[in-house]
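Heads up, the chain below is alone and in the form predicted on its own; it's given as structure tokens.
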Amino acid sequence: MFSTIIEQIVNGIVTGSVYAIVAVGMTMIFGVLRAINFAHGEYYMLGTFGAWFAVDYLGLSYEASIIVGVLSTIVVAYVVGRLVMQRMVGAPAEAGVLATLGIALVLQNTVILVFGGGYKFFSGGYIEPLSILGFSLAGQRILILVVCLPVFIGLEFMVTYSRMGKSMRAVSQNVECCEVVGIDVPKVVLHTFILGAALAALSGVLTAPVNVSVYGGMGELITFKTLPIIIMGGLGNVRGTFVAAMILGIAESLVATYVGLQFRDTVGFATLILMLMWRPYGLFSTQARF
């Protein structure tokens, strides 16, 4: 029984790593726009479909499909960022909600129109099991773990030491002061939005071999999974988001094993309700943005 618990905790950490990569992009976008991006899961979906198209139609390797999936999502995010997200600077929160919901519907239905609404089999990735310390894990799950930590370390260094990272932190604290001192706020918003979308796409490409199938509506569930994570971690708090994603991933894995697989998706929604009732500002300080 002990080995089963450890195995499920490891699986939960893998799931949490996927959630963390997606959720950190959403929380960074919230930090600069003060609006939740309800279309965030669609960039996860776009990255997955980009990789699937590269593998099935272009005949590229899985490694190359990762680049295709992320780059294609970056292109879409750039267009959306220029046309919509930059105009959300200083806009009411309601405008951001409506705009991102509209974007989600457009992106989702465009993919369904182009590729069809059925499930597609993703044939790439490293699905062969590997034995590590007596535990068997698919190579793809190990890859997710290997990628997650450098991504967060890189984000930490970027946000802390780079010029763009400092601008992002400044915009998240006071937009008006940034405009006074000459910071190009729309440019910072655009770059943050593209970075968040790219991270979501990367997560989608990494999990596609584990999910096996891809479909046009797969982004919705990811969006709803990331909402309790960023609320639990504290809106705009990157470190809190990472910890919250790990907590949710482990909790889902244990619930699926010992309670029932059908209850797995309820964990996130139950967490969201409890957090809104008990501690709506999250487990971590809302002052620690980025």
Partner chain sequence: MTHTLSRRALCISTAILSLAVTVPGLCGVAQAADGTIKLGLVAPMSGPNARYGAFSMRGAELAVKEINDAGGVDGQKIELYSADSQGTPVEGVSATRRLIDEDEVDFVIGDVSSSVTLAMQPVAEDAGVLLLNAASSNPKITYAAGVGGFKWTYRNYPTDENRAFVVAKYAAEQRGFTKFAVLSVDSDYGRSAIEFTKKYLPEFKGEILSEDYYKEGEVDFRSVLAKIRDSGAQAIIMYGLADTTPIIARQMIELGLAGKVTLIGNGEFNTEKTIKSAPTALEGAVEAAAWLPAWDSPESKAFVEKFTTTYDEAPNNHAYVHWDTVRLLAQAIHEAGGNDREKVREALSKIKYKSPVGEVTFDDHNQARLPMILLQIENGKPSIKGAYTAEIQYPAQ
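Positions refer to the first chain, counted from 1. Treat the numbers as computed from the prediction; the structure is a model and nothing was measured.
Keep in mind the form predicted together with its partner chain is missing from the figure; the text below concerns it.
- Comment: its partner chain is not present in this chain, but in the predicted bound form one of P186, P129, G102, P92 has a heavy atom within 4.5 Å of it, namely P129.
- When you look in the predicted bound form, the only residue of Q173, T160, N211, T110 with a non-hydrogen atom within 4.5 Å of its partner chain is N211.
- Of the candidate stretches 259 to 267, 233 to 241, 33 to 41, 57 to 65, only 259 to 267 contains residues with a heavy atom within 4.5 Å of its partner chain in the predicted bound form.
- The candidate spot formed by E7, T15 and L221 is fully in contact with its partner chain in the predicted bound form: every one of the three has a heavy atom within 4.5 Å.
- Within 4.5 Å of any heavy atom of its partner chain in the predicted bound form lies no heavy atom of V151.
- Shown alone here, L137 lies within 4.5 Å of its partner chain in the predicted bound form, counting heavy atoms only.
- Contact annotation for F122: at least one heavy atom lies within 4.5 Å of its partner chain in the predicted bound form.
- Proximity of N11 to its partner chain in the predicted bound form: non-hydrogen atoms within 4.5 Å are present.
- Applying a 4.5 Å heavy atom cutoff to its partner chain in the predicted bound form picks out no residue from 18 to 39.
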